[in-house]
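Next up: a single chain in structure tokens, the form predicted alone.
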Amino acid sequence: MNAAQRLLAAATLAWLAAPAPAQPSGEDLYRTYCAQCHGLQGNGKGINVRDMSVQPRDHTDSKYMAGRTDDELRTAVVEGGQALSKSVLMPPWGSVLEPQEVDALVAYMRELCDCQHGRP
């Protein structure tokens, strides 16, 4: 094995031994993709609301959120608000987020409202 091959083998072994990057938490994803409109606390009072004709949903509203299924929340995240006859201002994030990230966001929204579908 020549020096270039040894270097390539060492680099490959180092790459294989490196830990996989950590998956962002639902809270991290919410802060990145949702907080501008829905607010850091999820109360619908993000920094963009004063310029919006339709106010963002308050994800801390347990009564409203308990009436939404996880599939509805996933659809809103993946396809945008228009997919559920909600605001066209809610962008679709399906081309940006992996399915497990969408699930993490839905789980975090359930934490914000302290509710599950059908149970405030």
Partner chain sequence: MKRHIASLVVFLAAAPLWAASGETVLQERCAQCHDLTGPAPSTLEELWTRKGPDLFYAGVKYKPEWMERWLQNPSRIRPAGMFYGKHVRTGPDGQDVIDVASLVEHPRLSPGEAEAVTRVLMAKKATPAPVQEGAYQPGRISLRMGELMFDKFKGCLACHQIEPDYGGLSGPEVYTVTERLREDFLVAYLRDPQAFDPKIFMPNKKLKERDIQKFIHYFRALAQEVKP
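All values reported here derive from a predicted model rather than from experimental measurement. Residue numbers count along the first chain shown, from 1.
Same protein, other form: the form predicted in complex with its partner chain, not shown, and the subject of what follows.
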Can you check whether Arg50 is within 4.5 Å of its partner chain in the model of the complex, heavy atom basis?
-> yes
Using the partner position in the model of the complex, report whether Ala35 sits within 4.5 Å of its partner chain, counting heavy atoms only.
-> yes
With heavy atoms only and a cut-off of 4.5 Å, decide whether Thr69 touches its partner chain in the model of the complex.
-> no
Within a 4.5 Å heavy atom cut-off, is Val106 in contact with its partner chain in the model of the complex?
-> no
For the stretch 89 to 110, which residues lie within 4.5 Å of its partner chain in the model of the complex by non-hydrogen atom distance?
-> Leu89, Pro91, Pro92, Trp93, Ser95, Val96, Glu101
